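Given as structure tokens, the chain that follows is alone and in the form predicted alone.
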């Protein structure tokens, strides 16, 4: 299995070599992934990456051109959606408008012909977990958007299933409610030990929820790993730009050797880098919090000017000019600057990154890389 994702022996769900085309458009190319029992696998990527197509292939709503979908150690390519024992939440609410919240939540259980007392017990439990117990008698039209989203989530998760598929279920909520829903969903998933594949374009959702994360780009897997691996060791500049707020600064330049030391050279500036790095064209990746402003004369600081500044909560982010590029510096506390003001910036390159000119990771500075 590619990308160190494991094998069919340790995964509840395994996709092997999945290809999918829509006309001449290749939506998925040799897609491999594993979702483990009791975990959340977050699928992260920009629009057009193939996230929803992947979810539909898992659910049986789309048929792959080639490859295998293995579920509970059984190839299910030809199995109808209704026979896969999966439950799916779409980006849209898709509630029944003419019946109450209670009946929306109970609908899948009623179809299973469970006893009414058991249905009532399960509905009340999921409603309590999601904070919608007070709305059980209302119809969807009398709920806010966030409340409707929680009903849709509850209706999908109340259904007994081996796997839950979530297609950007909180994408349309405001930021405050989105943060609350992430906590509620994680609580619900861990309380009920649900196995979940969660699609999102938001890296913070993926990092917050995913036990493991797979990053898609143009139908291919860019990287698979734990949230720590994805953040701390991005395989390429695509992932480096995707993860972080603000994202990692990516500075094109050249690695040179002087007096036995390695330097990263950009626009006449030489930055000493820890370790022995081969000479040649490269990209320096440094996170905004690893750049610091210094006052007074300093041989290690780069003199530059303020391009812009903005508030990040109780912190400040400034943009500085180096050569033709503009890069971010994240400062603790609230500061005020003047556009064009001259400042000195010191680069802390421990745990920063060197990528090659194709964007692939070469090394993490100051760390042994194996």
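In this text the structure is predicted, and so the values were computed from the model without any measurement. Positions refer to the first chain, counted from 1.
Only in words, not in the display: the form predicted together with a small molecule, which the text now covers.
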query: The small molecule contact in the predicted bound form: residue 67, any heavy atom under 4.5 Å; finding: no
query: Touches the small molecule in the predicted bound form: residue 53 (any heavy atom, 4.5 Å); finding: yes
query: Residue contact check: residue 340 to the small molecule in the predicted bound form, 4.5 Å heavy atom; finding: no
query: Non-hydrogen atom contact residue 325 with the small molecule in the predicted bound form at 4.5 angstroms; finding: no
query: Option from 332 to 340, 39 to 47, 300 to 308, 316 to 324 whose residues, in the predicted bound form, bring a heavy atom within 4.5 Å of the small molecule; finding: 39 to 47
